[in-house]
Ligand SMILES: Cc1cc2nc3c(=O)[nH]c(=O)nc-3n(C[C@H](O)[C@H](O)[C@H](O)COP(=O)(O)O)c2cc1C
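One chain follows as structure tokens, the form predicted alone.
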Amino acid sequence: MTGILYFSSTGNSLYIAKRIKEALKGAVIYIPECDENQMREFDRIIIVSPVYSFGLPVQTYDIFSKLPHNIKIYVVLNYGGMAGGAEQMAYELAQKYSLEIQAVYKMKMPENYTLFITPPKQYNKMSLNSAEKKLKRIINDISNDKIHLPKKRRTKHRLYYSNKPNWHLIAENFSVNEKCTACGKCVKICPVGNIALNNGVVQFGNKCTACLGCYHRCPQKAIIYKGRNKKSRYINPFVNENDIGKSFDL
């Protein structure tokens, strides 16, 4: 059976994972819920992940050390601005842990790091249309066991490793405004348990991994960054928002 392991905060990676499942069957598993025993049940694993700061989210980065050595591994990365050599990082991690890596793909998706910028809606629509065409090619390649490995190139890994230890600091600039209803959704969806609700007050800790799930998915848009009350939020339009962070067909 095919195991499709994904990490997603706003639905882009979940959308890709579900499209792959439609074509190849198998189980879709949210990476923070995945354990090594589950992975041994698969004969092929496809990792679907966003690109963070020209590299991989902590959750995706760490899963490589737990992957089985005796099955084929495929990686599908999606990015909004620039990939910065993230595909090379995934390949090098696979080599480091002596994995049977078959392919690493990258594809452009709508930008969701919108703390400072707001991409035009038309840009997002164009990105999604182009992504569907690229995704069909990727699925076809995986179906046919095609080898697709990145060529050595210049990367931004030095910047990634410089930024990664400081991602937790982003939470210092999050706060909630008067629209907050203390519903607790942000507490529930945080993949690292960095948010707490104490006496009806939302509090942010120091374990943030900069996924921005809480920021984008707050029902009231009450979570703000550096006091800016920006209205723009992003959730992939082709997924059920409540499915983000869930696993399917285990």
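All values derive from a computational prediction rather than experimental measurement. In this text, residue numbers run from 1 along the sequence as written.
Form predicted together with the ligand: not shown, discussed below.
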**Asked** Of 141-149, 82-90, 171-179, 68-76, which is the one stretch near the ligand in the model of the complex, taking non-hydrogen atoms within 4.5 angstroms as near?
**Response** 82-90
**Asked** Looking in the model of the complex, is the ligand within 4.5 Å of a heavy atom from each of 8, 50 and 211?
**Response** yes
**Message:** Can you tell me whether residue 54 touches the ligand? I mean in the model of the complex, with a 4.5 angstroms heavy atom cut-off.
**Reply:** yes
**Request:** Counting only non-hydrogen atoms and a 4.5 Å cut-off, give the residues of 99-124 close to the ligand in the model of the complex.
**Result:** 109, 110, 111, 112, 113
